[in-house]
Ligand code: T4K
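Quick setup: one chain, the form predicted alone, written in structure tokens, and binding and motion questions come after.
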Amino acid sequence: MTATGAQTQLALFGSQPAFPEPVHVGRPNIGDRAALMQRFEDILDSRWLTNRGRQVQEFEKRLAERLGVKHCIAMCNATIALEIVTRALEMKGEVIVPSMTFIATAHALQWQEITPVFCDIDPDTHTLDVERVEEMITPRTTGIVGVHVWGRPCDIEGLTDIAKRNNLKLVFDAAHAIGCGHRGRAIGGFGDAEVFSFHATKVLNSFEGGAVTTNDDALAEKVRLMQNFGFAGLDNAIHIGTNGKMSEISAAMGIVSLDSFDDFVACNKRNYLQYLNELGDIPGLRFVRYDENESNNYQYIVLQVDEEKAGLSRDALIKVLQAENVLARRYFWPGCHRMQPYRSYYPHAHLLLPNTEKVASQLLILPTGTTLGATEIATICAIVRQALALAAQVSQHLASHP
């Protein structure tokens, strides 16, 4: 039997899947349904469905207070939010970004004909390697977009120092980081601006949505203009703009999610601690851990699979899980630099991104959130342990029968 054949067989053990229905990564959290329905009724009664009504204003105010920032501008989604804020900051030419991120981070720049320059990551933090950032700066560089991957902050001080010394704009993609902190401060007030996502898969969701947060008064005014076609009052467009507004319905969902946010996080933390207890000391599995001295939302359960030590590749383990109806995911595979149009533009980018290449080939994301309880998590962990144990048996068999 070959090793490949053995791995294929691993995905077939068990006559019936462990879960009768698929268990997904990123199933939406739902707050108080009655409170949400009441807000929907209020919106319909008011006949104010969009254009920054009471719901959006309340959502922005409460988010700004929670994040400790002066300004929060709610948006229809985080991609548009990132496009608007980078345009408001007059970024152009080249902007340094990680390839280890969701494709929207790069697309938001390329859409505006800004060249995303992919920089490698620190293999331990999975965020931008500050030393590599310094090396990527050219005369055409106008900014840096750091990504708080898994909600764990970038090297904020390092990137801030580089940006100041080189007169660069600094934006943080905080799509993962609502409710997370850095040195006792909430993520949201760092850099020139930060961008949040409230997509359905996020710990706090507004169906679809996003926000720009900043302490810069002039930037906030400009972003607010640009998200509403550049209008300053009726019939008075004073700036180029687009439509990035959040609807009242989305804001209502965001407010209700915000009301339950602490409960969502508590559930995520319980799940994280159970996963850590059951899988945290297995050879070949590196469990991505959160700093207990900081605020975290514990949204992502991240395993880094070392095939040589674990005896099983990340992709083979995913096949096993999928066969049991556990729909684990590969984030952020294969990296933005290997997706179009970037792989055509920069066919040799991988040579400058060795850490990104390695980490992206090893990451596995497991389900969590309010739809899972201790029993379901115990079953998922048992599948992982069983797969690795069987892989070890196969390896021993192959070693003794070359």
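All residue numbers refer to positions in the sequence shown, first residue = 1. Owing to the predicted nature of the structure, the values given are computational and were not obtained by experimental measurement.
Form predicted together with the ligand: not shown, discussed below.
Chemist: May I ask whether 153, 264 and 301 each come within 4.5 Å of the ligand in the model of the complex, counting any non-hydrogen atom?
Modeler: Heavy-atom distance to the ligand in the model of the complex: none of the three under 4.5 Å.
Chemist: Just to confirm, with a 4.5 Å cut-off on non-hydrogen atoms, which of 78, 180, 220, 170 contacts the ligand in the model of the complex?
Modeler: Contact with the ligand in the model of the complex is made by 78 alone.
Chemist: Quick one: of 109, 316, 117, 147, which gets a non-hydrogen atom within 4.5 angstroms of the ligand in the model of the complex?
Modeler: Residue within 4.5 Å of the partner: 147.
Chemist: I need the one stretch from 61 to 69, 345 to 353, 42 to 50, 24 to 32 whose residues put non-hydrogen atoms within 4.5 angstroms of the ligand in the model of the complex.
Modeler: So the stretch in question is 24 to 32.
Chemist: Any chance residue 329 has a heavy atom within 4.5 Å of the ligand in the model of the complex?
Modeler: Output for residue 329 is yes: heavy atoms within 4.5 Å of the ligand.
Chemist: Is there a non-hydrogen atom of residue 188 within 4.5 angstroms of a non-hydrogen atom of the ligand in the model of the complex?
Modeler: Heavy-atom contact with the ligand at 4.5 Å: absent for residue 188.
Chemist: Can you tell me if residue 102 lies within 4.5 angstroms of the ligand in the model of the complex, counting non-hydrogen atoms only?
Modeler: Looking in the model of the complex, residue contacts with the ligand include residue 102, since a heavy atom lies within 4.5 Å.
Chemist: Can residue 285 be called a contact residue for the ligand in the model of the complex at 4.5 Å between heavy atoms?
Modeler: Result no; residue 285 lies far from the ligand in the model of the complex.
Chemist: Using a 4.5 Å cut-off on heavy atoms, what residues in 165 to 187 are near the ligand in the model of the complex?
Modeler: The stretch 165 to 187, when checked against the ligand in the model of the complex, contributes 173, 175, 176 at the 4.5 Å heavy-atom cut-off.
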